[in-house]
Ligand SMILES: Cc1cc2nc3c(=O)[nH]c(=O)nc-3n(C[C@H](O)[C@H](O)[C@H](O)COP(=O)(O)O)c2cc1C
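Only one chain is included here, represented as structure tokens and corresponding to the form predicted on its own.
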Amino acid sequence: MSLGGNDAYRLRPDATVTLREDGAVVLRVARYRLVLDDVSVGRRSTLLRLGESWTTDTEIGELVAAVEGETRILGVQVLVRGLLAHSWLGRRLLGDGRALLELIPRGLGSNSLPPPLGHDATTRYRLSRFALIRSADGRLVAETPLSTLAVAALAPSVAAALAQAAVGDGIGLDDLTRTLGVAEDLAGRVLDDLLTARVLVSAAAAGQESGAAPLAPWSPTELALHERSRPGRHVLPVGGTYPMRGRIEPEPLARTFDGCAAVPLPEPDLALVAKTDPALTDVVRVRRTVRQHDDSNPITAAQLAEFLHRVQRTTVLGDDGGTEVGARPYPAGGALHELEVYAVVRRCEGLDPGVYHYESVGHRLERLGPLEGAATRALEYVTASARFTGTPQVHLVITARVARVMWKYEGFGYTLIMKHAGVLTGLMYLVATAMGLAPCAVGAGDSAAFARAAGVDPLAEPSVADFVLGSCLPQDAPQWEEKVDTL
């Protein structure tokens, strides 16, 4: 992002500039701030102007000359160059009386910008497979998790050039010049900016993205999610920022369905369980995935009740930051506990087949529907996905009430949900093993079929994990070592 005659500058859109009573100018982005003390009238005026509108080098010079004289222009230009290099400013490329594109910094500080790249007039360039194009503030924005710069296409011709680069053998300088309708040197600057932001890449680089480590294993969606959820390369908000406070009401901790038949569950005697359970070391040692169930001796309602109590029973603790929090047998960020457990039951002694929700505060099952249609399809999918022998007795679906997490957390809300789902899945394995049941985590279930069967909104409460549970055949039951008392 170098200074040039066709450039305009402005404070980045997520930054603010304020003037303190002592005359210092304070720039802020998220949790970062830059305090500029003892600034001259020309510098102060320039900084305030950059916070309000796009300003060219010529306009900066005229402003400084008017308040301090021409001899102070160079010093202000040095300040602008420093702010640009440390990602406090955005830059617009102007040409033929219009703005063509805008470079939007995503990082902050020294070394936050990628090294500038120049084009080769004989090379054709392609849209990076990691480029994400979206609408933002009435303009098209292209960005990639591989760069700390995003690009806003301010002219429709720039957006057309990006589309051209996505097909066939891409776009070259001659093509770009014709598409933009500008002089070749200006088209070259546009190409340089798109290359620097890594929105466009050479054919060789495109081949590396798809066919060589370390980029080939990544999908664009997964890499973007990883980059967004980890601070360091960007200064987007990450953490407990409460972005939904004042916009939507927080959901209560307890998830209940009105008008459903409720099946009360017996509470296990945890004191007795503690005496009869094998040692944790032994459970960890013998834990394994079991992909077949004993239909001649199926899981019982009492066993399912004990299992659900030991992995998901919820206690409401009160209010924290404006939303209800609670306790479960596993940890959760902010004690929000957004995960819910549903049971698609095919065979369970003492329980009719059907789709149930475990209401974990009241320790009961809420019957949502019969085992037919979409529920059957969900069960068939998980049977095939898990390479199960026969049809599972109980298919547990873990959903996430995303608003409970994203009401408080920003940036890593979904990745936090994934971590919670992993913790719960691990706990399910250990409890099932200790109880002598057959556990099997499943890589993926038919989330659309389950949402229809349970009647839940897949955007408000998507399924995020699947687990199969049932009774063990004798040969698959855990074998515990007998303990020998010694003096």
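The first residue of the shown sequence is 1; numbering continues from there. Quantities reported herein were computed from a predicted structural model and do not represent experimental measurements.
Same protein, other form: the form predicted in complex with the named molecule, not shown, and the subject of what follows.
With the named molecule omitted here, the record of contacts in the predicted bound form names 379-387 of 398-406, 107-115, 379-387, 74-82, defined by a heavy atom within 4.5 Å. Shown alone here, Asn297 lies farther than 4.5 Å from the named molecule in the predicted bound form, counting heavy atoms only. Although the partner is absent here, Lys275 is not a contact residue: none of its heavy atoms lies within 4.5 angstroms of the named molecule in the predicted bound form.
Though the partner is left out of this view, Ala30 does not reach within 4.5 Å of the named molecule in the predicted bound form, counting heavy atoms only. Contact check for Arg287: a heavy atom falls within 4.5 Å of the named molecule in the predicted bound form.
Interface residue among His86, Arg228, Arg313, Arg291, judged by heavy atoms within 4.5 Å of the named molecule in the predicted bound form: Arg291. Only one of Leu427, Leu63, Ala441, Val39 comes within 4.5 Å of the named molecule in the predicted bound form through a heavy atom, and that residue is Ala441.
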